[in-house]
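Before any questions on binding or motion, here is one chain by itself as C-alpha cells, the form predicted alone.
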C-alpha cells in the first residue's frame, strides 16, 4: 500500500495521473534523500561498450554489455580487483595491462570463454602455426567436410545456405588442425564465433535478434526484396564474403597479440558460475576493490540475444541447457526463475503499488522481476561485503521505468548495501537516460530520476 503520509486522496485518485506523479515524486525523494549524489560526467565514456569496440584484445568479440577498463584508474581501484559480472573480461584485461591482479565471475559460458582466450597469451610457435593456417586455409575450405549443424531450431534461418556451409567447413578445418593444441584452437574458435553476426542473416537488437530480410520503417517492418538484400549485404559471392570475414578477424587478433608481451596475464582468473554462489566460487579469497555492472532491471534476456553464438559455438547443446542458464541467472529478465523466494523491500513495494495495472509490463510480471532482482542483488552485496578487505565496492547501474513508474535502482542498491554491512554510500551520476516514448508524458516532470550511475559502497 501507499504510505499514509502520501494522503488518502493520492491513494484514492492516483489513476487520474497527476496524483500518481505526486505520489511517485514523494517516494523517489525519500529513497534518494539519505544519499549524497555527485555529478561525474567524466565517467560517462567509461560505462559502456563503445570505447572497447576498437581497443586491441577487447575488440575480439563484440559484447555490448561491456564497459571500459579505464574505470580502474578513474575509480582508483586497488591491487586485487573482483568483478562479479565480468562479461568477456574488460576489467580483467585492464588489470593485466596495469600490472594488477583480478578475478571475474560470469554465468554466461560464451563470455567466460572469450575472457579466458583474451587472458591466455599464446607462444610464438602457436602464433606462427595460426599464421600458417591463415595462409593455407582458403584453397582447403571447399574440400572440407562441414562441421555438424547445431540443433538450434532456427539454424537454417540465421545463415544463407552457402554461408552456413562455408562456416561449418572453416570450423572443421581448424578443429582438425589444432585438435592437439587447445590454446590455438580456442583462439581460432573465438574468431569464428565473433564473425557469426557479421556473416549472418540476423543481427542483435534490444531483447533478441532481428532478421536482415526485414527493414524497419515508421509503421513497423517490411520485407526487403529477396536476392537484393543478400547482394547488398554479402556481395555476389557469399562464400568469398565468409572466408574474407574470418581471415580478417583472425589477422586482426594476430596483430593484437603483440599486446600480450607486457602485463601480468597470469594474475587474472575468469570463473564460470553464478554470482549468487560467490562464496563457494571464491573459496575464501579477498579483494581490495570490487567493480561490476550487473544486468540492469530492464527485462533484457541476454541469452536470447546471444542464442546463435551460444548454440553454434557449442556452449549449449539443448533447449534445456539454455533454460538452465536463464534460471540460474540474475532475476533481471522474465525468463529467469521468478518463483524463487524473496525478501520484500518496503520502498520498492510502494513503487510497485503505484504501477499502472493496465500496462503490458504489469501483465507480463515485471513486479515479480523487480522483487527477485533486488533480492538477488542483496545476496550479491552480502557476498561482496564478505570478500572486501578495506576498499570500496563500485556498481555501474542504470535506473529503469515500467508502467508509469521509475525504479531508482542506484539508490535502492545504496540502501541495500548499507543493510548488508557497508557503512557509507555515495552515488556518482554519470549521465541521464531517456524515457521510452510511451511513458514520456507520464514521467515528464521526473526524468531527472532516469540516470546511469556508479554506486560507491565503503
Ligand SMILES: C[S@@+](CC[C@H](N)C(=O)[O-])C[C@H]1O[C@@H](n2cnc3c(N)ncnc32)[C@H](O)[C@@H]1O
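Values in this document were obtained by computation on a predicted structure and should not be read as measured data. Residue numbers count along the first chain shown, from 1.
There is another form of this protein, the form predicted together with the ligand, and it is not shown here; the text below is about that form.
The closest non-hydrogen atom of residue 302 lies within 4.5 Å of the ligand in the predicted complex. Using a 4.5 angstroms limit between non-hydrogen atoms, residue 107 touches the ligand in the predicted complex. When contacts are judged by a 4.5 Å heavy atom cut-off, residue 347 does not count as touching the ligand in the predicted complex. Although the partner is absent from this view, residue 295 contacts the ligand in the predicted complex, with a non-hydrogen atom inside 4.5 angstroms. Taking a 4.5 Å heavy atom cutoff to the ligand in the predicted complex, the contact residue among 166, 289, 268, 329 is 329.
The stretch in contact with the ligand in the predicted complex, judged by heavy atoms within 4.5 Å, is 107-115, chosen from 247-255, 210-218, 107-115, 312-320. Annotation for 51-89: interface residues with the ligand in the predicted complex are 63, 65, 66, 67, 83, 84, 85, 86, 87, 88, 89 [heavy atom within 4.5 Å].
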